[in-house]
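We begin with a single chain expressed as structure tokens, specifically the form predicted alone.
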Amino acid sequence: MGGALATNAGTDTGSIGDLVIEVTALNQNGAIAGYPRDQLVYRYRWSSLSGAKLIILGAKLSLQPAAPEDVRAKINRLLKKRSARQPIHDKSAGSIFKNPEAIAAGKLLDRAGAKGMSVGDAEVSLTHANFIINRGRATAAEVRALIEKCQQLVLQTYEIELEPEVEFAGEW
């Protein structure tokens, strides 16, 4: 939940920031503080919580009540749509790059010829070019190298810099 709130996780149907009423977090001083929606800023794959030195403890969200069968039907419809377009049965970290304003990152990568590119066991999915899948024993270094290879390809082909949506931890 903390990562979703900090990065404004979402899909083509909306983002979590659309639902936030209040976020509760532990600040640097060890105090628990509430941050109401009017103190937070949410943008595409970013929030004012991004990079803040907080530990997110929870959130109050504004949800719409619905009948369980309607919720199940919507979930099934969205999963069917997703499984037709994304490699949901492969091991992956999800969507790798943020979408630039003009065109989806997956389309840029696909048109540039990235599908199937690999570094070790890390491979650009043949199903959706904005996913890097693990074909066996891919290491974090292999995934990172493939991300950089994809960025270079799109930069050389379209002069567009792809910004990673994934977060990198540790020393690189």
Ligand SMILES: Cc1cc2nc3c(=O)[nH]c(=O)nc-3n(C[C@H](O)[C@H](O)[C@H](O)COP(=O)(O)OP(=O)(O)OC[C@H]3O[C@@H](n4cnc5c(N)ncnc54)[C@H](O)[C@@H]3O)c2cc1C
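When you see a residue number, it is the position in the sequence shown, counting from 1. Quick caveat: nothing in here was measured; it's all calculated off a predicted structure.
Absent from the display: the form predicted in complex with the ligand. The rest refers to it.
Under a 4.5 angstroms non-hydrogen atom cutoff, the ligand in the predicted complex lacks Ala59 among its neighbouring residues. A residue is said to contact a partner when one of its heavy atoms sits within 4.5 Å of a partner heavy atom; Ser92 meets this definition for the ligand in the predicted complex. Although the partner is absent from this view, Val119 stays clear of the ligand in the predicted complex, with no non-hydrogen atom inside 4.5 angstroms. Shown alone here, Arg45 lies within 4.5 Å of the ligand in the predicted complex, counting heavy atoms only. Contact with the ligand in the predicted complex holds for none of Asp18, Lys98 and Leu126, as no heavy atom of theirs lies within 4.5 Å. The chain is drawn here without the ligand; in the predicted complex, the stretch among 49-57, 100-108, 135-143, 32-40 whose residues come within 4.5 Å of it by any heavy atom is 49-57. Residues Gly2, Gly3, Ala4, Ala6, Thr7, Ala9, Gly10, Thr11 of 1-16 are found to place at least one heavy atom within 4.5 Å of the ligand in the predicted complex.
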